[in-house]
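One chain comes next, on its own, written as structure tokens: the form predicted alone.
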């Protein structure tokens, strides 16, 4: 029996040994199928990471989420009813830096499909009805402008009127500089609304995610009856580099991270993302709401 040497050699060659076959194979793989963890640099299958609530299975890094992703993770399926979705930011200062503010807003809307950096509404969390306001870092860094302040305030007032617990999930770089004083006014506005809510006996659960900084930290984010934080979230007012340069001292290890704030008494509990829904449900039950 004779052997076809050419055939054997061809069978022994893998697709990776043949450039033209390898190129066709690479083109067949959809883009974005794999992602890299920014913490441990592991290559992760996107779908598997999404099914793991966007937490790295290798190092437990919590990826940042959009507001829509966060709502889907927190509320019971099909139970969320959005409110105030038509509110749109204005440009009272006709602000321009490298480009006009209106152009930045339009680009952010196209990229996210949102009108501004927050989603608010009513839904059920583990069967408990609550008012939610969830910030979106993908929209201009989750910056707090007039719309964010207005929707937070309306969510607080709705929770008071309906006697429902209030959950605010923060993810923000701080006040929106393009609105200047109008943005800073939202700090007092939201804090005053929460003070009235507290006087009425309302329950406010604040959830701090990566990052929660600037004017958001200095107002409603740190006013919760219970303050929860996701693992390793950056939480603070000014950034750690700014602080280190200002005081000209080395900062403690883990400074401004969720675990550091828990240990120093600014955060009640650091909660893994997979446990967040159950934790919120338990707090609502414990408060008798």
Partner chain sequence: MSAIQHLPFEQPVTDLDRQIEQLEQSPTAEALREELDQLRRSRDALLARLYTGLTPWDVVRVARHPGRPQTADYVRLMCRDFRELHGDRHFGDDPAILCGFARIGPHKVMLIGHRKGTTTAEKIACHFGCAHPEGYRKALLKMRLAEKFGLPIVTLIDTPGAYPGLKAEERGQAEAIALNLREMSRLRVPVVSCVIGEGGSGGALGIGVGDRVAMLSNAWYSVISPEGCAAILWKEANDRTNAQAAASLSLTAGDNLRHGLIDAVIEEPVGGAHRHPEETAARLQHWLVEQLSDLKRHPPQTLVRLRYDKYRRIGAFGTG
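Numbering follows the first chain given and starts at 1. Here the structure is a predicted model, which is why all the values come from computation and not from measurement.
Another form, the form predicted in complex with its partner chain, is not on view; read the next lines as being about it.
*Okay, which stretch from 218-226, 34-42, 51-59, 66-74 lines its partner chain in the model of the complex, with non-hydrogen atoms inside 4.5 Å?*
Contact-bearing stretch, as computed: 218-226.
_Contact test in the model of the complex: residue 81 vs its partner chain, heavy atoms, 4.5 Å_ = It does not: once its partner chain is placed as it appears in the model of the complex, residue 81 has no heavy atom within 4.5 Å of it.
*Looking at the partner-bound form in the model of the complex, is residue 175 within 4.5 Å of its partner chain by any heavy atom?*
Although its partner chain is absent here, residue 175 would touch it in the model of the complex, with heavy atoms inside 4.5 Å.
*asked:* Test of understanding: in the model of the complex, would residue 203 fall inside 4.5 Å of its partner chain by heavy atoms?
replied: No, no contact at 4.5 Å.
*Considering only heavy atoms, tell me if residue 95 and its partner chain come within 4.5 Å of each other in the model of the complex.*
Yes, residue 95 is a contact residue.
*Does any residue in 237-267 get within 4.5 Å of its partner chain in the model of the complex, counting heavy atoms only, and if so which ones?*
Residues within 4.5 Å: 237, 238, 242, 243, 246, 247, 251, 252, 255, 256, 260, 264, 266.
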